[in-house]
Structure formats: C-alpha cells, structure tokens
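A lone chain, given as structure tokens: the form predicted alone.
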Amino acid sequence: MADTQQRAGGATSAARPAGPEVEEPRPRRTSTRSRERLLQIGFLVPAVVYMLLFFGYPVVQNALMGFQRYTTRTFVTGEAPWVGLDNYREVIGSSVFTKAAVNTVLFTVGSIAGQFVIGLAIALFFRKRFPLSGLLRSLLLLPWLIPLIAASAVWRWILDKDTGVLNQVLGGLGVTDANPGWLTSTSLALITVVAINIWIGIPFNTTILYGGLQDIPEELYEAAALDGATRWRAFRHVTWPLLRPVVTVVLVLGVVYTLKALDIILGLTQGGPANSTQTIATQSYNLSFQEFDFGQGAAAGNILIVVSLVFAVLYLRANRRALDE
C-alpha cells in the first residue's frame, strides 16, 4: 500500500510542469461591491424620502382625517375626535352625493372617450409626414400648456350667454335665435364642461399615442399590404395589438386624472347650476374649504382614491388577461 501511494505521488509530481507556480485570479474585492451598493442606496434614498414625505404622508393623513371630526377648531385646540365611519355616512347620505357620483361617471366616461378617440385619430393622421406636420404637432400642445384657470377664464368669456363670441357667431350665421346658456343651463352645463375637458386632454392622448405609433416597424404594414390587408385590417391586426400597452397607460392615467379634475370645473361653473356639474372632487373641495368640515372632505377624497385604485387594478388585470390569451 505504501509503495502504491509513493508511485502515485511520484506520478503526480512528474505530471506537474516545472517552473514558477501560476497564481489563480483573485475574486472581485468585496469592498468594491460594497461601494457600488452604497452608491445605489445613496441615489435611491432621496427618491424614497421624497415619495414618503410628499405622497405617502398626505395620503395617510387624509385617510386618518376621514375618520375624525376635523374642523377649524382642531387647528386651535389640536383635538380631532375619532368618529369612525360617521363622516362617510354623512357624505354618502347627503342629497348632493348621488348627483355628484352620477356626474363623476358621466364626466369621466365622456371625457376619456372623447379624448382617446380624437387623440388616436390625430395621432394616426400625423403618422404620415407632410409639410408643416412638426409645426402643427407643436401647436397641438398649446391647450395642454395653458394653465387651467386661464383656460377656464377664456372659455367663460367665449361661452357667455349674452356677450360670448360663440353665441354671437351662431346668431350671425342664423343657427339659433336664442342665446343658449352654455354654462348656466342645467341641461347644457355638464356637456359643455365635458367638451372643454376633452379639448384640454387631446394633446396628452395624441402625444403618447403618436409616440407609440412611431415604435411600430413600417415593415409590418408593408407585409400586411402584400397580404392584401385594407387599412382597417392593418389597424386591427397590426396597429392595435402593438399599441395596447400604450393604450393601457393612456387610459389608466386619463381616468385617474379625470376623476380628480377640480380646477377646470371650479373655473367654469363652480359645480353649478343647481349641482348639475358637481362631482365628488368638487364636493370634497366644498366640504373642506367652504364648509370647513375637513373630515367629511377627506372622506369624499378617500372615496375617489379607492375608486381610482379599483379601476386601475381591474383594468390592468383585464388587459393582462387579454394579452395572455
């Protein structure tokens, strides 16, 4: 046995090459990894702190206020009694809430449908290059860039019942003899506000959808044309499937933004006439800053947050399921 081991050792020694030993490559230093990890955390921490301070804290505070009797007296005494679900019962049981909820649905659906359909049509139109197309696309952004308070003031002047430009033009053309109260009629005010909100949201939809269309390879349309596909079939089988992720972003952001739309309604009608343009967002504003019942105002705002989250989750799940199929 000893002889066998000696022979094996000798064979192994003979197999080793003569000369200096070759050093194996050292593993990457852990100190370098630690510095990289600290650098990553250093860039991440400011963003997390910002999100917690300016987004997380207001949401948590608003959620707590919805369960408290929070009024102007609270700012003096610091007392905000816990009332549980009483604020929600009073908000939902009020005579304004039902009307505001219906108006919120009509305002959101009408605005999103108009903004998306017109925005997609304009994006498809600008997909083909023509003279001054870049300039026209730039001018299309103007409604989006104008402050909403300034835009609402201009629209109030245009739509004024007695001295408005629109009624003067319609009267001069002989379209109507009477001066419609675009913002003062209970039957026209909500339609008018929806139309103006569509005008405001078209640039956003057009810009995002146009960017999505630019990412679709032109070769796919050429292949579809060789297969004899019409424009509608090319849109249905090429454009729409590849544009669906962008459409998801546009619709989700559009619904969330429209649900909480406040300044344009306040600037045009302040929720009137006779609550015909009152939404849950304007009701929350009125409760907080006109009636100074911040608890009920927070409760109305929390209802909007929950509705937005539910819609976003359901729509994203439905869209993911459709993509999987």
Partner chain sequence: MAQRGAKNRTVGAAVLALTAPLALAACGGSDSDAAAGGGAGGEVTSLTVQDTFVTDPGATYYGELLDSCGQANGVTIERNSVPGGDIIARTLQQASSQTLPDILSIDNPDVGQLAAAGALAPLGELGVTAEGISQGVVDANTFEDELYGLQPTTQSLALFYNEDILTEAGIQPPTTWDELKTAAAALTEGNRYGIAFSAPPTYEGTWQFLPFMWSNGGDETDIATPETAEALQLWVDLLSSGSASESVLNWGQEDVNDQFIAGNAAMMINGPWQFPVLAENPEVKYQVVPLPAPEAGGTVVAPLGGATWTVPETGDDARKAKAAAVVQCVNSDENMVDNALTNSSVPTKAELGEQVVAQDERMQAFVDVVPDLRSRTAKLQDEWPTAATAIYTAVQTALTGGASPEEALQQAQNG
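A quick note: this is a predicted structure, and the numbers were derived from the prediction, not measured. Superpose the two forms; the largest set of C-alphas matching within 1.5 Å is the rigid core. Positions refer to the first chain, counted from 1.
Not pictured, yet referred to below: the form predicted in complex with the partner chain.
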Wondering, does L135 line up within 4.5 Å of the partner chain in the predicted complex on heavy atoms?
-> no
Contact of A298 with the partner chain in the predicted complex (heavy atom, 4.5 Å) = no
So, in the predicted complex, is S95 in contact with the partner chain at a 4.5 angstroms heavy atom limit?
-> yes
Does the partner chain get within 4.5 angstroms of any non-hydrogen atom of M65 in the predicted complex?
-> no
Sort through 225 to 233, 157 to 165, 120 to 128, 197 to 205 and report the only stretch with a non-hydrogen atom within 4.5 Å of the partner chain in the predicted complex.
-> 157 to 165
One residue of L183, L209, A151, A100 in contact with the partner chain, assessed in the predicted complex (non-hydrogen atom, 4.5 angstroms) | L183
Who in 55 to 84 is close to the partner chain in the predicted complex, meaning a heavy atom within 4.5 Å?
-> T72, R73, F75, V76
Does L44 show a Cα shift reaching 2 Å between this form and the one not shown after rigid-core superposition?
-> yes
